[in-house]
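Before any questions on binding or motion, here is one chain by itself as structure tokens, the form predicted on its own.
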């Protein structure tokens, strides 16, 4: 009696993913945005592998050289290649985005699943209280406080973003788990004596993966935008290069009528954020059980 109930869910999940893939493949905007994201990913991987942008910190030219075949975006105030610095900043954006998205999503999934499974208990109350406290603190004030507490540690920005971004994931997972734990296959697992921790991680949490996938992409974009703002304010990247640092460097250049540095960082950031937002929307639409 329990076997059909337990086996019906994997079949339903397979149907959900196959239909979602089919629907996503028919979304032209989603496919275009995916291609753009993949191109950015290739750029970031190439920088990480040392294939290009290896001289991003070197002074290879003179002050404010114009666009040319040698310097595709010109040079900055001290003669550094803006194009190479822009490519290197893509790696920085992906590193921050991936680290924050993966860890924040994992923490949110874990705490949200536990809170949802034990909804109404003291565990749930503590989790909700913690989420409420973190959500009530202004984000950039919280980052400044963590940066001060960690004494300019280069990972202070990551810690601050993970500490705040997980709450949204946790709220969504908690709500989904509250619905899932009342289904027959969970009750059957309870009836045959399956440990609660096994039910959470083997039978319930895997069924929230569609939520985690969408929220992971949203968190990725939020982390990149936050990193740019924090780096611009001097609270983000310490060692390396970032689009935020490039924009900060361009403040004096713009006043002098030189816009290459500002435009390069802004355009690359804009295209990536727009593409990822479109990809997230298409993914969310494809994985929506009500529409699949």
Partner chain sequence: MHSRHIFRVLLVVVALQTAACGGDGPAGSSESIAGLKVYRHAMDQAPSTLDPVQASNIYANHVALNAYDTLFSYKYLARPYTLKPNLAAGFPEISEDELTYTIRIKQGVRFVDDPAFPDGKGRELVASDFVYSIKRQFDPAQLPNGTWLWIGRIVGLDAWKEAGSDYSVEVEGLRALDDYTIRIELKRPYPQLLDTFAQGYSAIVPREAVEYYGKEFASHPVGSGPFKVISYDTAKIVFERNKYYRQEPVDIWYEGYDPETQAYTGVEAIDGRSPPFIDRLEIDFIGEDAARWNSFTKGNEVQFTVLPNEQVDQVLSSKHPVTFKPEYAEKYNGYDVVEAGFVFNAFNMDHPEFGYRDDPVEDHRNKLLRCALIKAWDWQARNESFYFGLAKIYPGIIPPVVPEYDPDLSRDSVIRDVAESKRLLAEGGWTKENLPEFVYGSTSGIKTRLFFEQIRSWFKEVGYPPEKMKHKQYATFGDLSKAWRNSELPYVAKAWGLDYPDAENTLQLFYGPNGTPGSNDANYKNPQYDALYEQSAVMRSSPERTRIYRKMNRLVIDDCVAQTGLSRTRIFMWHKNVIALPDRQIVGGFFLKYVDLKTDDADQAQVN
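Positions refer to the first chain, counted from 1. Computed from a predicted structure; not experimentally measured.
The same protein also exists as the form predicted together with the partner chain; that form is not shown, yet it is the one meant from here on.
Participant: Using a 4.5 Å heavy atom cut-off, indicate which stretch of 65-73, 27-35, 222-230, 50-58 touches the partner chain in the predicted bound form.
Facilitator: In the other structure, the partner sits against 50-58.
Participant: Since exactly one of 45, 267, 256, 39 fits, which has a heavy atom within 4.5 Å of the partner chain in the predicted bound form?
Facilitator: For this set of options, the contacting one is 256.
Participant: Even though the partner chain is not shown here, does residue 80 get within 4.5 Å of it in the predicted bound form, heavy atoms only?
Facilitator: Looking in the predicted bound form, residue contacts with the partner chain include residue 80, since a heavy atom lies within 4.5 Å.
Participant: Given that the partner chain is not shown alongside this chain, does residue 184 nevertheless sit within 4.5 Å of it in the predicted bound form, heavy atom to heavy atom?
Facilitator: Answer no; every heavy atom of residue 184 is more than 4.5 Å from the partner chain in the predicted bound form.
Participant: Is residue 135 close to the partner chain in the predicted bound form, meaning a heavy atom pair under 4.5 Å apart or at it?
Facilitator: The answer is no: residue 135 has no heavy atom within 4.5 Å of the partner chain.
Participant: My question is simply whether residue 196 lines the interface with the partner chain in the predicted bound form - judged by any non-hydrogen atom within 4.5 Å.
Facilitator: No, no contact at 4.5 Å.
Participant: Where, within 215-247, is there a heavy atom within 4.5 Å of the partner chain in the predicted bound form? Residue list please.
Facilitator: Contacting residues: 237, 238, 239, 240, 241, 245.
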